[in-house]
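Heads up, the chain below is alone and in the form predicted alone; it's given as structure tokens.
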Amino acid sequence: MSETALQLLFASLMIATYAAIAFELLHKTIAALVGALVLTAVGIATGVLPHYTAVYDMLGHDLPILAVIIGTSILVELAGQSGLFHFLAIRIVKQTGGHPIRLFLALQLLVFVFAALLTIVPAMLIVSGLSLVICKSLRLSPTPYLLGIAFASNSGTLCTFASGLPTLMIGTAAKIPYAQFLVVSLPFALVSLVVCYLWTRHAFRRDLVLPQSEQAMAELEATVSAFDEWALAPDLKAFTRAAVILSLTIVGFAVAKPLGVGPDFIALVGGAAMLLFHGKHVEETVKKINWTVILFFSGLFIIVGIVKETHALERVAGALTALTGDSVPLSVAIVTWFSGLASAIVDNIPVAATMIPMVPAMDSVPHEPLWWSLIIGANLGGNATPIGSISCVIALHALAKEAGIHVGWGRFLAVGGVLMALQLFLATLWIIGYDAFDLLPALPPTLPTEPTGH
């Protein structure tokens, strides 16, 4: 079989797997594992893989990503049990006095910070649950608040190395130091959050209205002030230990590179410390680790690794290079918008995994702006559709299950689609501007043949 035929065959199998994920023909974890098994079998049959054990090497290069997921899952689960997140959330909400617009802003800021520090899934689960309770208590429509935090959380994933799974994957592959996110990505995360707040506040302006009478407003403020931030924190010592360990872990992420360790080591140390000083039920805590996501990643890494062996991704990267030439602005625009639009159709994790090997192969332009384009595009593209990011899926599921509210694609696109377009337009200008003024820090070279995530 010719090289071109092999590339088409494996690319088709990968696309078929992604289609099964995007259209929910199978659970995404099942689709990824089945796709990995099929590609492995075909790879052995066609000689692309010398032996099935070759897939273990592919997984080995991406173990740091899986380690971060495991460590942070333990950390967040036990910190949540201490009542720390509930305490912080209620204290912030109390500052709003029940004012709908201030509450809307406070919840977006809260989920932004939680997503930056805890990753997007625990952030959304914590803040969406809190938002539903608050909206029910204050008799507010939950739709703008749940969708608002879903969009804002995607901005939060741009803040640090470990804020989001696509960010973690791309940052690991590109060898981006933690501190560089504070220079390049964090400032834009704040810009995208401002855009998110202004646009969603305008889009939901009819829902974010004050009570019409002073008495109703007073009752609203009284209800908020009655919330008890200590209700879920009965053990002050456990609360304090959780706060200290979480804070030290966050600092550890920031200083990992100068210490000569990776974020995976810091995450595992933080998780182990939380188990040692706070974990009363180790078995129950370990069960809360998101093993479904880990299996999904494992299948995905195998799929992309096998397709990469056929050099199909390098061929696509070559086509993009031929299209853009040596134009940095054009390359930035294509990577930003392609990854953003693809993430709106398929989950942003497979988009990131597929694009990662392509960036080093685009050798006619510097790679630094392309890595940042991919990070921002993959994370913010998920705002456009109900299936684009896990935050949107969680928000819509919570609305349907807890409030009986179903948000259709049309209504979602009218808000999220416009928001994505605004954010990607600004992101393109941001990265082009950073590159034009030589503000992008240099990164270690990454070769097209280098394994993803190593």
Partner chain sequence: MEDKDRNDELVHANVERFQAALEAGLARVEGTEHLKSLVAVLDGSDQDGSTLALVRELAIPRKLAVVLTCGHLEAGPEAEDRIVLDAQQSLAADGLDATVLLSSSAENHLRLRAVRTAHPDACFLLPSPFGHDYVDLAQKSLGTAVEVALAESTAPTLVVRGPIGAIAAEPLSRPHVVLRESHRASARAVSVALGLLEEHEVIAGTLSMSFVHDGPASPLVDEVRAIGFGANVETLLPLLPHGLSALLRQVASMSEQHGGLRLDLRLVLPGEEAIDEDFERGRLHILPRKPGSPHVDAAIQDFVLGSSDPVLVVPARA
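Keep in mind it's a predicted model, so treat the numbers as computed, not measured. Numbering follows the first chain given and starts at 1.
What follows is about the form predicted in complex with its partner chain, which we do not show.
- The stretch among 175-183, 377-385, 256-264, 77-85 whose residues place heavy atoms within 4.5 Å of its partner chain in the predicted bound form is 77-85.
- With the partner omitted from this view, the residue of Ser327, Asn290, Thr321, Ser141 that lies near its partner chain in the predicted bound form is Asn290 [heavy atom within 4.5 Å].
- Only one of Leu210, Val133, Ala243, Val113 lies close to its partner chain in the predicted bound form, with a heavy atom inside 4.5 Å, and it is Val133.
- In the predicted bound form, its partner chain sits beyond 4.5 Å of every heavy atom of Phe277.
- Mapping the unseen interface onto this chain, Gly129 counts among the residues with a heavy atom inside 4.5 Å of its partner chain in the predicted bound form.
- Interface residue remark: Leu426 is not counted as part of the site for its partner chain in the predicted bound form, having no heavy atom within 4.5 Å.
- In the predicted bound form, at least one heavy atom of Ile90 sits within 4.5 Å of its partner chain.
- Three-residue candidate spot Asp57, Glu314 and Phe338; no residue lies within 4.5 angstroms of its partner chain in the predicted bound form by any non-hydrogen atom.
- Contacts between 136-173 and its partner chain, taken as any heavy atom within 4.5 Å in the predicted bound form, involve only Ser137.
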